[in-house]
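In C-alpha cells, the next block holds one chain alone, the form predicted on its own.
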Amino acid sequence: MANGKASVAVAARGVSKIFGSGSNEVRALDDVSLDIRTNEFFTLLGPSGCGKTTLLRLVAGFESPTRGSIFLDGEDITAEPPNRRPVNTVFQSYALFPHLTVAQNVAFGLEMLGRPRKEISDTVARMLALVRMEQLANRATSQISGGQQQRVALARALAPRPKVLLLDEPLSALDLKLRKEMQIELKRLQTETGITFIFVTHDQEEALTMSDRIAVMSAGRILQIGSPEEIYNHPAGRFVASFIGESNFFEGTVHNVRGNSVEIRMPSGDMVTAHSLSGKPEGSVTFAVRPEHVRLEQFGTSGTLAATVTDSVYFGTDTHCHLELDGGERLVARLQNKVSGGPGYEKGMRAGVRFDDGAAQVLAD
C-alpha cells in the first residue's frame, strides 16, 4: 500500500489488438485500459470471442498489441519477450511431462532457471505441500487424476514465485464437483502465496466465487469492473445484467427522479420505484430485477402488480414461478422452498408481485 492505495501489479493502457486486415480484419481488443492490483484475484469474464484470452496473452507476451502498452509494477513490458517477464501461465491443457514424476514436473522450471539443487528440492517440497500433493511426489503424472494434474500444473507455475500468475480457463476440463472444489482451492492458493492471479473464464459462477474483482468483457471491450457484489447487484448495462446470473427486464417511462430514486410508469400504468447509479435518467428506460428479489403476495394486495402464474418449476432448494403481468410483461420469481414443499403457487393462480426495496435497477443501456 502507498498513501492508503493498493499498488498496481498489471496495467493496460489504450490496448487494441487487430488480427488480419481489410475485409478479414478482426478487432479482438478495442482500446482497453485497466489496473490490476497487487495480491488480487482478478477475473476476465465474458463469452467466447470477447477478447479475454487475447488480453491474457498480451500480458504473458505471447502476443503484441497493435496499439497501447502493458505495464508490470509500473515498468513498460510491451516489448519484452515472454521469458523476460516475471509471469507464469496455467493453460486449459496442463502440458505436463508424462515421462516425469510429479516432483520432477514441479522442479523442471526451476532447473531451467539454473537454481541451486538445495533450493529446488526445498521449493518442490513446499509447493507440493501447498497443493496437498506430497504423497504423490514420485508418481508419474500419467497415473494421476485430472484434478491432481491441475494441482501439479499450479505447483509448477508457482514454484519460481512469479509476480503474476495467469490462468486461462484451467478448470474447464474438470467435472462439476471437482471444479467447485478447485474454485475454493485456487482462492486459497492465491491468498496464501500473495501472488496476483489473473483468471480467464466464461463461467459466471467461477468468477463470483473466487474473484476480488471482475472485468466483464464483450466484443473486445470492458463493460464493467467491480467486486462480485457490485457486478451482480448493480450491473452497468443490460449485457452485464443478463450475462451475470438471471434478470427480469422491464421497459417504462421515467415519471419522477429524486436523487438515485426513479419512479417509472410501466405500460400497464402501474408505478414502480427503481434505483439509478449513473446520471439522471429520463424518457424511456429499461430496468432489471433479479428473480430472487421478486415476492409473491395475495392477489389484490395494495402496492403489488397483478399477475398470473404461467408455470411453476420445482428445483429442490427453490421453485421458479413464471408469471405474466396484466400489462403483458413476463418475469420469473425464485421462491425459497419449505420443508413441507414448494411455496404453493401453481399454474393459473393469480398473485400480486412486489419487488424487494432497492432491487429494481435502471440500466445505463
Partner chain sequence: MAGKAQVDPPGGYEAAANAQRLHRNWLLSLPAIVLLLIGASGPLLIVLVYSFLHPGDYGGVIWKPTLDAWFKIFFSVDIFDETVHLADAHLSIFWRSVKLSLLTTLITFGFGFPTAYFIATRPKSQRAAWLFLITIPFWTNLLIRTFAIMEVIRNEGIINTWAIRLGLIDQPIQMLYTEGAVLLGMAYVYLPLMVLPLYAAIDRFDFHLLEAGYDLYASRWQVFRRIVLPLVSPGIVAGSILVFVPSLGAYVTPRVLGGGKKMMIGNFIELQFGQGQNWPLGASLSMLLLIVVAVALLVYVRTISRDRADA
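Residue numbers count along the first chain shown, from 1. Superpose the two forms; the largest set of C-alphas matching within 1.5 Å is the rigid core. Everything numeric here is computed off the predicted structure, so don't read it as measured data.
Although it is not shown, the form predicted together with its partner chain is what the next lines describe.
Trainee: Okay, which stretch from 121 to 129, 136 to 144, 249 to 257, 67 to 75 lines its partner chain in the model of the complex, with non-hydrogen atoms inside 4.5 Å?
Mentor: In the other structure, the partner sits against 136 to 144.
Trainee: Would you say all of Asn88, Ser93 and His99 touch its partner chain in the model of the complex, counting a heavy atom within 4.5 Å as a touch?
Mentor: Yes, each of Asn88, Ser93 and His99 comes within 4.5 Å of its partner chain in the model of the complex.
Trainee: Using a 4.5 Å heavy atom cut-off, which residue among Leu113, Ala173, Ala219, Leu277 comes into contact with its partner chain in the model of the complex?
Mentor: Residue within 4.5 Å of the partner: Leu113.
Trainee: Give a yes or no for Asn83: in the model of the complex, does one of its heavy atoms lie within 4.5 Å of a heavy atom belonging to its partner chain?
Mentor: Asn83 belongs to the contact set for its partner chain.
Trainee: Taking any heavy atom pair closer than or equal to 4.5 Å as contact, tell me whether Gly109 reaches its partner chain in the model of the complex.
Mentor: Heavy-atom contact with its partner chain at 4.5 Å: present for Gly109.
Trainee: Might Tyr314 be said to contact its partner chain in the model of the complex, defining contact as any heavy atom within 4.5 Å?
Mentor: Contact check for Tyr314: no, nothing within 4.5 Å of its partner chain in the model of the complex.
Trainee: Flag Pro160 as yes or no: does it have a non-hydrogen atom within 4.5 angstroms of any non-hydrogen atom of its partner chain in the model of the complex?
Mentor: Contact check for Pro160: yes, within 4.5 Å of its partner chain in the model of the complex.
Trainee: Comparing between the shown form and the other one on the rigid core: C-alpha of Ile184 shifted by 2 Å or more?
Mentor: The answer is no, as the C-alpha of Ile184 shifts between the shown form and the other one by less than 2 Å after core alignment.
Trainee: Using the rigid core as the reference frame, would you say Asn138 shifts its C-alpha by 2 Å or more between the shown form and the other one?
Mentor: Where the cores coincide, Asn138 still shows a C-alpha shift between the shown form and the other one that is 2 Å or more.
Trainee: Classify Gly283 as shifted (yes) or not shifted (no) between the shown form and the other one, where shifted means its C-alpha moves by 2 Å or more with the rigid core superposed.
Mentor: For Gly283, whose C-alpha is compared between the shown form and the other one after core superposition, the shift is less than 2 Å.
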